[in-house]
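What follows is a single chain, given as structure tokens, in the form predicted alone.
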Amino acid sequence: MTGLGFEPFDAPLGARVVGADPDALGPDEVQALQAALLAHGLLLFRGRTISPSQLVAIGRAFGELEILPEPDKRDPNHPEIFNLSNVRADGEIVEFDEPQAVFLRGTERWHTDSSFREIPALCTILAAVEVPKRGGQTQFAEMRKALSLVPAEQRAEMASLRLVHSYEWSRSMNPGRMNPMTEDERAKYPPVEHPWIRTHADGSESLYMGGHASHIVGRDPAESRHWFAEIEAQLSVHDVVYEHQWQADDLLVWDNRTLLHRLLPYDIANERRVMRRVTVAGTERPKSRVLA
């Protein structure tokens, strides 16, 4: 017995973790958390300050950690940590159009972390250090439920389709100027293909898409993106979205296999928002029932 408990949110997804110390997770606790993650999609630990070294240790309890692109945004002492911050190293807040702000505003698109990898991420762990007074929430969409809303005929067509996920393409779609990718970065993160409908270990299925998906394999990119936009436009209309209002010292763990997420806008050039993120690597390529 672990003593862990999970209090489901009054929402389409998510649960608060009770009776657990996120800084002291043993094998039994991690196993319970992993099962709860697949069941609820998102887990919240609230009210515990987590240092960078503790955040890395928590992430490693779930698995191997990714080292993410954008080396200038990595923590200098812990390269596994991705600093999602609008505060520069000198302590000043970014300007609206400088590359760091452009990158952060790009996360306002629906996406799932690291889908541009051949073996994409299992989960993301994000710790809130400073949060703005207004805005800056994160929305999460339950893509198993989103798939259930797709008409049967369209779903049958999607089951045989694969999407191209490209970090270079998604980066190019950010709302402003960013430093270009180097040839080494392009070689390290080439476009990959994943099934549009992903089958999970428990037999459930979800839509697997988001801001890194550039187009459907064998289809016109413009036609593909129109179809993506139609689906994304329906997410907030139907009961598949949870919106998290951050508090300082919140720690969220979410399942990148079954959820999309996006940042909501805030006054990025005036309000401080400092978040630390680690991403747990996946262990297998996404599978489909048709093309497993």
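The model shown is predicted, which means the values in this text are computed figures rather than measured ones. A residue's number is simply how far along the shown sequence it sits, counting from 1.
Beyond the structure shown, there is the form predicted together with a small molecule, which is absent from this document and is the topic of what follows.
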Triple contact flag Asp113, His261 and Arg277 to the small molecule in the model of the complex, non-hydrogen atom at 4.5 angstroms: yes
Among 155-163, 70-78, 188-196, 105-113, the region lying within 4.5 Å of the small molecule in the model of the complex by heavy atom distance: 105-113
Trp227 within 4.5 Å of the small molecule in the model of the complex, heavy atoms: no
Contact of Thr138 with the small molecule in the model of the complex (heavy atom, 4.5 Å): yes
The small molecule contact in the model of the complex: Leu84, any heavy atom under 4.5 Å: yes
4.5 Å heavy atom contact, Ala213 and the small molecule in the model of the complex: no
Candidate from Leu147, Val131, Leu126, Ala121 lying within 4.5 Å of the small molecule in the model of the complex - any heavy atom: Leu126
